[in-house]
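A lone chain, given as structure tokens: the form predicted alone.
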Amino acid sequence: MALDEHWFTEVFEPSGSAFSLRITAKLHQEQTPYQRIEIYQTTEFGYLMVIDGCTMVSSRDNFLYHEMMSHPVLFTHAKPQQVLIIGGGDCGTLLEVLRHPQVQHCTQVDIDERVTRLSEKYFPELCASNSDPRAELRFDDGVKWLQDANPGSYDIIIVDSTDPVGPAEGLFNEVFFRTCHRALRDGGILVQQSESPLIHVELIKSMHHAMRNAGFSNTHSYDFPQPIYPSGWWSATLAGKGRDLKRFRESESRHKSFTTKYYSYAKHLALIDGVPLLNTALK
């Protein structure tokens, strides 16, 4: 919602909080078959994409989310070659995944092509790897894609989804996690954005239980800042198929062949300890 013509505000009723960005213009608005997409010009955060009234990505802070949705899981896997991204239509996670030279192929499946086309226009820096020969963009139902996948198709599955409502509602339950488990190879890892560790603790607890019930041997949540999302504090949750999630390729992380703005070897060491607030809640 907008307080007035100069601000975009997302109110999050469950926590009694709101986040606002000063805007100078609404650049685009459309209703797709799946959701309402808006693009704003802000004064301090560059372009802002909003889906169904919720902030999704901004020019200024997207690197936090995209780096932390990709590099921790890529460096935790022993040999990541085949990667699947469910969602991720802005292509920022795809960009980060393809920085890893070990990756041979990355398929991105997002149900709404318009998210990608608008990202190509307003966030071209996130779409710089869309033409990489290792990248495959599919506009389809991610759940069905996984259901149709052969067992053991992927080393890593990244679920880069919106909140668990609308098109993403089917991505946060045991049935979906069982499908992911089947599609992963032995030693494979699933990572999913898991909302705020401050205000979505019950959701994160339920994800851990559902992942374990789906057959994953261990699970682990870690946190990172994300200013434009509710509470400004976000998380991702890993699920390993016979992989120790606290082990990672330390030397390669420390001496990675590409630059990052937030992710680092030191950050990875810290995330191994997880989120203290969740560690207590998940016992």
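Computed from a predicted model, the values in this text were never measured in an experiment. The numbering used is simple: start at 1 and walk along the sequence shown.
Although it is not shown, the form predicted together with another copy of the chain is what the next lines describe.
- Looking at another copy of the chain in the predicted complex, residues 233, 267 and 275 each place a heavy atom within 4.5 Å of it.
- With a 4.5 Å cutoff on heavy atoms, residue 26 does not count as touching another copy of the chain in the predicted complex; it lies far away.
- Proximity of residue 217 to another copy of the chain in the predicted complex: non-hydrogen atoms within 4.5 Å are absent; the residue sits far from the partner.
- Though the partner is left out of this view, residue 65 does not reach within 4.5 Å of another copy of the chain in the predicted complex, counting heavy atoms only.
- Although the partner is absent here, residue 43 is a contact residue: one of its heavy atoms lies within 4.5 angstroms of another copy of the chain in the predicted complex.
- Heavy atoms within 4.5 Å of another copy of the chain in the predicted complex are found in exactly one of 153-161, 140-148, 192-200, 110-118, that being 192-200.
- Residues are counted as partner-facing when one of their heavy atoms sits within 4.5 Å of another copy of the chain in the predicted complex; in 18-55 these are 18, 19, 20, 21, 22, 43, 44, 45, in sequence order.
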